[in-house]
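Single chain ahead, written as structure tokens, the form predicted on its own.
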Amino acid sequence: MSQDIFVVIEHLRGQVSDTSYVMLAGARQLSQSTSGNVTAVLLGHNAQGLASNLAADKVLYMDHAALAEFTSDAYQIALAGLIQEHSPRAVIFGHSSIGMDIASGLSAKLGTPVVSSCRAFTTDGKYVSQICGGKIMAEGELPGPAALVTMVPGGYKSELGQSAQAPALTTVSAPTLEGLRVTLKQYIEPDTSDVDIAKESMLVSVGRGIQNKDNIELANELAAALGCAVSASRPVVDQGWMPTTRLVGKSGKRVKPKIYLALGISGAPEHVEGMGESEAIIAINTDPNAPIFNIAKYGTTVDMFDLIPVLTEKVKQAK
């Protein structure tokens, strides 16, 4: 049994996910307690170029046509063999539809325990996981001799998982990948006619506290004065007040603007997953105990309906 930490890299259509870099940063901290190496595991087809900026000690790359796109069948078969051969101390996956799909299947196949919703690792090798919808952080010993871990973003900056120097890459042979039950049929593209909030340098974001659809016009006026777009949390989109293209959070888009102005947003973990890496979070919420204040750089409990019109006017005057 080695003390190495494996990180299964998620990628889609030629792009490594931000979650993968977060996992590499977490693996680096965990490896300090195990004294093992950080090994990135990259599965794909003609995809070795994706390893160029991974902050890992080495990369195990498996190339096969059946791995060109993610399918649970192919990934589980490929990873089961690698894990059995190398016996790492831990294998980290993203807490995503891909990562949870693979980890659950491998746990059953290999009889290896899963630590779910891990946010960070302590200096002595313990895990810290979000439970009860993120309201409680649970700390525990990483089960042994090996463990599978699904990791949520927020505990580490994705930049810490990137490197300007390409790691050493070793190509490993793929197992027989035939008779697979699942294949990719097609990608269904999202609506691209709306603004891409992930590319905005500033966002005015509205939550349940906006109360009704008509009040969103206040946020629109402020955003127009600032020269930015309006985004939203899940309750606003579920009500049909804004389109899904404006949704920020675990089930929406992940954004990292320079300024994220949160209007009436409580700060649920699912929302924070999508905006927690913003450079400056400014929260406006009448509830002084709202979780959003735990991550905000600036905040106020002033009623937004009193503040927004004044703020909008001040911005206009400043311009």
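Heads up: residue numbers just count along the shown sequence, starting at 1. Between two forms, the rigid core is defined as the largest C-alpha subset superposing within 1.5 Å. Because the structure is predicted, anything quoted here is derived from the model rather than measured.
This next part talks about the form predicted in complex with a small molecule, which is not shown.
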Is it true that 208, 249 and 305 each have at least one non-hydrogen atom within 4.5 Å of the small molecule in the model of the complex? yes
Within 4.5 Å of the small molecule in the model of the complex, heavy atom basis, the matching stretch of 64 to 72, 284 to 292, 28 to 36, 44 to 52 is 284 to 292
Although the small molecule is absent from this view, report whether residue 278 comes within 4.5 Å of it in the model of the complex, heavy atoms only. no
**Message:** Test of understanding: in the model of the complex, would residue 143 fall inside 4.5 Å of the small molecule by heavy atoms?
**Reply:** no
Answer yes if any heavy atom of residue 57 is within 4.5 Å of a heavy atom of the small molecule in the model of the complex; otherwise answer no.
no
Within a 4.5 Å heavy atom cut-off, is residue 89 in contact with the small molecule in the model of the complex? no
After fitting the rigid core, is the C-alpha of residue 274 off by 2 Å or more between this form and the one not shown?
yes
Quick check on residue 28: with the core superposed, does its CA move 2 angstroms or more between this form and the one not shown?
no
task = Establish whether a shift of 2 Å or more occurs at the C-alpha of residue 115 between this form and the one not shown, with the two forms superposed on the rigid core.
result = no
